[in-house]
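Quick setup: one chain, the form predicted on its own, written in C-alpha cells, and binding and motion questions come after.
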Amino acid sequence: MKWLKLAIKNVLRNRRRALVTILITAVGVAAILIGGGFANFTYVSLKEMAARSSGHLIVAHKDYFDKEESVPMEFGLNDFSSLAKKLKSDEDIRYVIPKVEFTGLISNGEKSTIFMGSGVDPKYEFKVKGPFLTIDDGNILSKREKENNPQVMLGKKMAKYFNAKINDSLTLLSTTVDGSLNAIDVTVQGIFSTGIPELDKRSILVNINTAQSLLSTDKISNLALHLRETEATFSKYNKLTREYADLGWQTWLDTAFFYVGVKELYNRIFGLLGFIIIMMVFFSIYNTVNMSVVERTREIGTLRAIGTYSNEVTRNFVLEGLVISFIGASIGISIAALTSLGLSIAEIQMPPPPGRTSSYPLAVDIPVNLYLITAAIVTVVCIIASWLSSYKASNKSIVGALSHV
C-alpha cells in the first residue's frame, strides 16, 4: 500500500503532464468503446433482422438447399403439419411458420413484371417481422382471408411501377407443379417496404393458401423456426439435425449475406482504429514515464545507494503508469457510458446505407465484456510502456545515476 501511495504522490509531482496523459488515455478508451459499441449495435440489429426474416432455423426437404428444382415445389415438404407440431412442442421454439417461395409474372393488364413471392401465414409472419417490415399503405394480410377474394401485399417499388392503390386488382401468373401455367386474380391489401430497393421492386406477399392454389400443390417450401433466444441457434441446430437427419437444415447465418459482409468490413475498420488508438496511449504513457525517469535519475541513484533494489524502483514507475491508466480508463468508461445513454435519448437518425432506402438510429450498445476487455488492454499497455521506459534507468550503475546531469 505504501508503494501505491508513493506512486500517487510521484504522479502529482507534475500535474500538468499527468493531466494531459490521463486525458489522452481517457479519450482513447472512450473512442474504442464508442466505436466498438456502434459496431456491436450494428451487428445485433443485422442479426435480428436476418433471424426475423428467415427464421433462426430453416428446415426443408434434404435436397432443397443443395439442388435446383426442375419444377416448382419439386423439393417441397409433404405433410408439414405433423412435423410442425412435433417441432413446436420444443420449449425453446416460439413459432414454427410454413412458407412457400415462388416466382412468376404479375400484371395489371397493361404492364407486367417478374415477382419473387412468399406465401406466408399471416397469424405469425407479421409478428416476427416486427420493425423490419414497414407498412407504407393499407394493412397486412388478413388471417380470415376469403377463398374467393385472395389478397396481395406489394413491395413499395413494385406498387410505384404499377401505380397500384389499395383494393386495385392484379393478376399473378406462375408455373404449377405439373409444369403448366396458372393465373389467379388478387386484390392489393397493403404496400410494404423492406428498406432494400431491389427487394421492394420484386417482392410480394400472399397468404400461404393463395400460393398453394396458384401452384396447385399442398406442399410448402420450408418451415421457419423462430427461437426464444437467438444465442440458442447453433446448439439447437446441432440437436435437431441429429434428430431429423433425413431433412435439410440451415441457420439464419447461412442466409445473412449482408450481416456477414458488414461484420467483416467493420471488424477490419474498427480493429485498425483500435490498434492506432492503443499505440497512441502506449506512446503517451511511455513518454510521460520516460520524462519522469530522466528527471529523477539522481533520485534513483540515491534510492539504489541506500539499498533499494532495482526491481523495486521499476515497480514504482510501473505503479505510476497504472495510476494514470486507472484514472484515464475510469474517465473514458464514464464518457462512453454517458455518450451511449445520450444517443439513446436523442434518437439521432443515420442516413440510409448504400443499397437501402431507410435510415436507422445512431446508437451505441456497449456490452459489459467490452468495458472489461478495453480496461484490461489499456492496463497491460501501460504496464509494458512504464516497464520499458524505467527498466534501463533502474539498472544503471549507482555512480552513473548519482552523477547524472
Partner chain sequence: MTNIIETKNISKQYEQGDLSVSALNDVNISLSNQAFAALLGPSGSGKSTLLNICGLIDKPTQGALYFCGENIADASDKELTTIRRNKLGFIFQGFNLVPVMSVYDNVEYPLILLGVGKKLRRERVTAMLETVGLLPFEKHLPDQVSGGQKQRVAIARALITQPRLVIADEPTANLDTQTATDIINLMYTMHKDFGTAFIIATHDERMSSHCNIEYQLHDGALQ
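Residue numbers count along the first chain shown, from 1. A quick note: this is a predicted structure, and the numbers were derived from the prediction, not measured.
Same protein, other form: the form predicted in complex with its partner chain, not shown, and the subject of what follows.
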property	result
4.5 Å heavy atom contact, residue 309 to its partner chain in the predicted complex	yes
Interface membership of residue 304, its partner chain in the predicted complex, 4.5 Å heavy atom rule	yes
Residue contact check: residue 9 to its partner chain in the predicted complex, 4.5 Å heavy atom	yes
is_contact(residue 4, its partner chain) in the predicted complex, heavy atom dist at most 4.5 Å	no
Segment assignment from 295-303, 72-80, 169-177, 129-137: heavy atom within 4.5 Å of its partner chain in the predicted complex	295-303
Members of 11-27 lying within 4.5 angstroms of its partner chain, judged by heavy atom, in the predicted complex	13
